[in-house]
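Same chain, two versions here, written out as structure tokens and called structure 1 and structure 2.
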Structure 1
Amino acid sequence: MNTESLPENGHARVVVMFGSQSGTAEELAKNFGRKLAALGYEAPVVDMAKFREVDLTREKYLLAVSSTWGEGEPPDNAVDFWNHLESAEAPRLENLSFSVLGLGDTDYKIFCGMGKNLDRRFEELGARRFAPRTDCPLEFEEPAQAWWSSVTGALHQLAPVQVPGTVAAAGEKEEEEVPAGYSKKNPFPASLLVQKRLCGPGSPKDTRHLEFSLAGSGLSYEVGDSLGLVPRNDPALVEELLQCVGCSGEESVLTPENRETSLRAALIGSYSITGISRKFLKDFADRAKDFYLKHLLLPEMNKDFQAWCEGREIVDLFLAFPQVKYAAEELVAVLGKLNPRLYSISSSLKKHPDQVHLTVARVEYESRGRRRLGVASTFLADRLPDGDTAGVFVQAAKGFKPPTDPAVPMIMVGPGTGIAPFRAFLEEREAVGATGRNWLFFGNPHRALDYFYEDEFEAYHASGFLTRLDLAWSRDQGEKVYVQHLLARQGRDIWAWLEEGAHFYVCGDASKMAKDVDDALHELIATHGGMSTDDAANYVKQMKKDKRYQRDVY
């Protein structure tokens, strides 16, 4: 045994650090910490926001678990840690051995960007990778388990513990914990009670308000949480794909959970049949014997691969190469699992017992001469009539909650469907009699067509419960006006609220809106707080540390 890896108590020490936006990476890291402790290791679990509490130059083993925010950026609690690693003051880490687990969403161009960046940077700083990095999609359980087996197997060789019989053999899979009640692995069949359009006739948008019954489920949620929804693929697209592949749909196949069913049923409810994965394209390119498709899969062609995939679906490949056919079992072997979708909950249980509400934009667009439909949004809007059920589960969000003190002011910025959690926040605060002031910024193209929940918000405002209501209608005048422009106009008053302890919340589009709002926040703090750019940035960092600046962006 390498005794240098042992602290004074004689147990090998493995630090587990997490970067988490929604809480998933944090829960995984804490679970890994518990498992390591059960195996006999000393395993402190450290929030990346508190990275200075750990001296990585003196540590021997590190597990880093991190999600990715937006397009390859670190989650909020990992920003400072990442900036530190990238800075000139970053220490050399020659004594450290590490492994990284990345969490991400394959719908984004930069998949698991933060995990990849950590993996690269640790190596650049001299650390050694003792188990390969794993990049997990939304359905992370299986790849995370495979990574864990790899990690424990390597640790058993590198730093065996001194507690006999506690370390599993390399690669040995532990018994999986079976969650009690309804969960992601056992979704509740929730009945759709109400569905109504939130946009007026003539609006270019189609956003729906949906209400589901949770009666009898035992499920509970807090405002700020998300609802996981298990969608189903469009049967018309399934039939087109079956015709292209050369299958009848009645063939017997296994689902990802190893349940036997027909190919048609599996394609509707179990497998992803839209986005093109590298795994699928590699198999298809080999069958098509197409040089360009194979070339796209080269590591240096990643940007070209992402650009080529944009606006294309699996069926496009079969239409372009009609000679390529698959047997049923061959097809499902190269398809990914149909992942659940997460939606910000737009209701409070205190106001709507046994119900959960969603605010969902129906996605439809034209691309490469074909009509494209969002899988989950059109399932809800077009293929789920009132009374039918959809599988749901609650995804807790630890980093997106209203102030625990009901007297603390709250500023909310939520254009478009980003309004969802703030409807819930306001319902919750009204139900508990919170006295803190509330300020809402909302925006959309046209007031007459796209003012979601107008009656509710106007009534809140008229009563004084919603202290201030600022609305940005981007297409109602010659000059486009967005929520970030309203923030700049109201900068003096926002600064006054912040100085009184107000919490600042943002929900909505991560690619542009959230960045523009963040820039506007920094600028108004610098301007009205009389600060330099660096001091304003430090003020915002402190807000994040104090959980006064929270974001739910996608």
Structure 2
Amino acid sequence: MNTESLPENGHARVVVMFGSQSGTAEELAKNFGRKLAALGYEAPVVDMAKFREVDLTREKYLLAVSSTWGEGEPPDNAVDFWNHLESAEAPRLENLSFSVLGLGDTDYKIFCGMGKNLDRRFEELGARRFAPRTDCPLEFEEPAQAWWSSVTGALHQLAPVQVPGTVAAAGEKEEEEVPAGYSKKNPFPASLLVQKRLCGPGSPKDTRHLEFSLAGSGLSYEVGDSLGLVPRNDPALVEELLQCVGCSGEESVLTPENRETSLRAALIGSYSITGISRKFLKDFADRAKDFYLKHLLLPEMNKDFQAWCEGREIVDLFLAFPQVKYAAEELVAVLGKLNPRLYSISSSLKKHPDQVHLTVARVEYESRGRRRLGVASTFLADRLPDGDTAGVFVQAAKGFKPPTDPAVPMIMVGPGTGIAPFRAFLEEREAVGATGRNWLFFGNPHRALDYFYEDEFEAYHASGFLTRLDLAWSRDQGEKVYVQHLLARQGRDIWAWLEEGAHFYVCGDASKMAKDVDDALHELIATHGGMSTDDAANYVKQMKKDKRYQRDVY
């Protein structure tokens, strides 16, 4: 047992750092900090953005809790810390023992990339891993708890605390800390002022413009931020599920926040009743005594499990195994929490005081012979009448902002709903009288049906405020034209703008568009900058470091 790290006051010190975009890792880290303090440790909780406030070369123990964003990238508050760790000036960390908890989502190609990177890099810098890393999927509670047990077990061996009477506090239930003001934990009930269609009849898309009132909330936002929205499930689906499960809906249950309510209300407003989680499937498979479902849950079957989940919802399981029934409290015990959805804000407070605008694509698709509805987008489009309220909070995006210098030019690429933040950027720049040139690339299927905010952009363009406007209508001609094709066509001028210091922004679909645009950017830099592929990649890397290449992709 090594007790050399014990300070004279008996409080061994364990630093807890968090990298977090939407608050989950931050909340966990703060919770771990409180628990460590209750165990008798000195446990400062440090935002990775403030990494210079701790000297890791002098620390003995570090817990790093971080989510992953973009495509395997650090969350905004951890970008500088990660660049520092990767740089030549990164210090050796031979004194440090660490353990990493990664948060992520198995739907992303680079699952828990930031957690994995931190884990590898700390080791490369000479630090010792005192408890193994854990990568948590969206349902992080169980793996995070297991990681916590292994961390506290190891710490107990390495740096036992000598503060009598404090260990018992570990088992105490944490008091939920609700911060003052409106926030993710305490969303503001915002009234819907306006909801209108942005696509004409016959369009393959259905995208809506929404305006909410923030009057009286004390909430403010900056352009580039997102709005968190607390959705409500479709009551028709809830009724179908109640029938399948064998409950009336009047049963009394607890919400995830330990509030007592009826099962019906809980299924509408508190629990996720569509996507199938591992936890749910495990319980269901046991009840159904179904070999194939159990088999899908084996760790080596993860890919098959993911593929099987696609296009299936919880209700499909009940329809396939009608003999399986649940009591109300058994059901909510295996359902996940109904998570808020994020939407890029498409307005500037300077132009619309006390309002927040969104641009939302309604999600509806067919799978396995059933019509499926996206929870939040159809709640906004179909089930929220004007004047009714929805819970909202502001999700800041420090890494997605117009240039601080109003004279710097900006190039914005935002097809489909990706246009949202750029409407806000332009409103903001107009309101402050920014002199920098603005270039917008927008795209959608048909000009006649899908030109979102046409009047606004055409007016900006006619006045010269929007210096250049390039539009890609993918289905208006024989061959498909997307924004990345227009970038290639305009490569010479884009290169000239970049060399004059322009910032380059991308928003919208992460699965294909963002990658194609990234390829087009590399290509045009290589071609018009006369660079090798490697040099073009370094140029783009430097743009990212200088915060001149920013993306908000989902």
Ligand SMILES: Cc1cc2nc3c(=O)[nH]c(=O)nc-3n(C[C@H](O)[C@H](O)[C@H](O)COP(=O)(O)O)c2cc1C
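We call the rigid core whatever largest set of C-alpha positions still superposes within 1.5 Å between the two forms. Numbers follow structure 1, counted from its first residue as 1. From a predicted model like this one, the values you see are computed outputs, not experimental measurements.
- Here the form predicted together with the ligand appears as structure 2, and structure 1 shows the other form of the same chain.
- Taking 2 Å as the criterion, residue 96 counts as shifted between structures 1 and 2: its C-alpha moves by at least this amount when the rigid core is aligned.
- Core-superposed comparison between structures 1 and 2: the Cα of residue 137 travels 2 Å or more.
- Annotation for residue 126: C-alpha shift of 2 angstroms or more between structures 1 and 2, rigid core superposed.
- Taking the core as reference, the C-alpha deviation of residue 44 between structures 1 and 2 is 10.5 Å.
- In this core superposition, residue 153 moves its Cα by 6.4 Å between structures 1 and 2.
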